[in-house]
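Starting off, we have a lone chain in the form predicted alone, written out as structure tokens.
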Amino acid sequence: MANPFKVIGSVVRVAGPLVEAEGGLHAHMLEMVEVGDNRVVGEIVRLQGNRIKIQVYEDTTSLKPGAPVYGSGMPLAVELGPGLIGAIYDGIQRPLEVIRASSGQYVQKGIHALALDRKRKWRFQPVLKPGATAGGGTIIGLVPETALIEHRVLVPPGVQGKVKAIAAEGDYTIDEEVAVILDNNDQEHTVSMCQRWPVRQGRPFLAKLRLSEPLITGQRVIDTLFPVPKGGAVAVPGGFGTGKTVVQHQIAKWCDARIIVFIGCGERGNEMTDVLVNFPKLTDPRSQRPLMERTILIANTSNMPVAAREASIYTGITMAEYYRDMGYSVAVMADSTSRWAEALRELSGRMEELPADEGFPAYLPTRLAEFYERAGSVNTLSGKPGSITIIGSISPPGGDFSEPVTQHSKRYVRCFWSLDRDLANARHYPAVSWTDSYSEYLSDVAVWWDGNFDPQWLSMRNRIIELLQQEARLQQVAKLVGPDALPDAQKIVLEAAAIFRNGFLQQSAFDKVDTFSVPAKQIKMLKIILTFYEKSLEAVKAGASLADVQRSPLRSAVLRMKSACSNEEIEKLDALLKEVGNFKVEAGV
């Protein structure tokens, strides 16, 4: 293949990751370029006459004025094809494992490595025959990418016509021809198993669908109180140490999305190391296969060039859209959007743009909207439904949720999991605050819960929220008059809320039983706690005291049920619910 890069100018100024060059009369906005003798990768972000400004995704140390700039004529794009699953990339899709094998533990300046293995052969099975009509997004063949994921080879968007030829079943590399499409103008289009797509341009689809099926995470505070559907968007803000990364790790491990794309965007190296070391060792809970057989990792840590951090979330979301177009549900973990916004701020400052709130560029809200709007449940070009759920963490300085990234993110998401420092300090995990968090998807997912489990799901969920809100008000009163001054009926509210917090909302990631709860277990636990509260209230009204209720062995059983009953032993909860339904307390007993 001929080298597409041509000299389009020369460097005149270097300011960190921003490079200015002259002579760019044939340059294009967002064109991918290579700069200097080391051919470091960059992207054109501004054109001013014959001057171009380039954000470089690598270290610019030793780059000098006069160095050549090579233009590709194409925008920054990613390679899409078999081999993405299980791979670990940096922010511009360079395979880190390949780089480590060739140049050691550090990414050397100007190093180039193909994102997908050109030598590996994949078993291709055609699903169309010559003469069949095929358009962009049509599935022409199947490839067993991993034991968990069947890769569906797609016709690139924009190609339409009839299949002139298609490869027989056999082993092929990703660059070999597997089909030829003859369009209406009698022009032939060769189709291989690999295609490229610009990262800043969303892939097309037929229509967006209404969100209805929840993303089951196995985390009770999320699934029951603040659910997100497949195709939804969530913001997860929290100060240092509140567990943002841990929440995303748990969701990545346990959620029922078919494919996970985890983007470590500017996070500390030790946190990303934890992902890179532990994920390959984890087992998918549903298939008992390695979790990496359905996971793509993008590692762009805080010690890597800041410009690549800005590109990393687009790289990840483009890969997610590719698998969505195959008809899969994909969950994207962006950790964290604050670090990405800080990269925008630094690059904006280098380009001497007027700053807005707290130094962030005025287009920060637009960039956030462009990212989150790529979530959704869609009818793909192939006719199959697919979805992308985006879960973006936010690291507000000092835990201040009034800062710009948090406030602007709230405008574009309908679900907000606020992490509370007091809960984290009390070792209550997940530290999702039930007073500050919300989900606007309740009515969307209620139909699914009603049809599959219990038509009372939403009413029970709302009753628990009311109970927690009532507890917050009573605690304010108790601080003034003392808890002993409260009547027993109000003490029962505090007791029931404490049981719900400790026996339902709090989960241990180190407990093999408690780390994940299936929906059936969650709804039975919810019903048991509400029934225990109602029976306790009846007993108090009949003359029993709070101490009488607390002495009951059933109270301990309700608190222990999260660990005592595994997901395979849900029938135990039916027996406990029956016992709680018959619960009676006599005064003084």
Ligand code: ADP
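Residue positions are given as counts along the sequence shown, with the first one as 1. Computed from a predicted structure; not experimentally measured.
Keep in mind the form predicted together with this ligand is missing from the figure; the text below concerns it.
Partner proximity in the predicted bound form: G239 to this ligand, non-hydrogen atom cutoff 4.5 Å: Flag for G239 set to yes.
This ligand contact in the predicted bound form: R118, any heavy atom under 4.5 Å: No, R118 sits far enough from this ligand in the predicted bound form that none of its heavy atoms falls within 4.5 Å.
Touches this ligand in the predicted bound form: V180 (any heavy atom, 4.5 Å): Answer no; every heavy atom of V180 is more than 4.5 Å from this ligand in the predicted bound form.
Taking any heavy atom pair closer than or equal to 4.5 Å as contact, tell me whether P430 reaches this ligand in the predicted bound form. Result yes; P430 sits at the interface with this ligand in the predicted bound form.
Contacting member of Q507, S437, Q490, T380, with respect to this ligand in the predicted bound form [4.5 Å, heavy atom]: Of the listed residues, the single hit is Q507.
Exactly one of V246, A369, L486, V447 has a non-hydrogen atom within 4.5 Å of this ligand in the predicted bound form; which residue is it? By the 4.5 Å heavy-atom cutoff, the listed residue in contact is V246.
Which of these stretches, 143-151, 422-430, 477-485, 198-206, has heavy atoms within 4.5 Å of this ligand in the predicted bound form? Heavy-atom contact with the partner occurs in 422-430.
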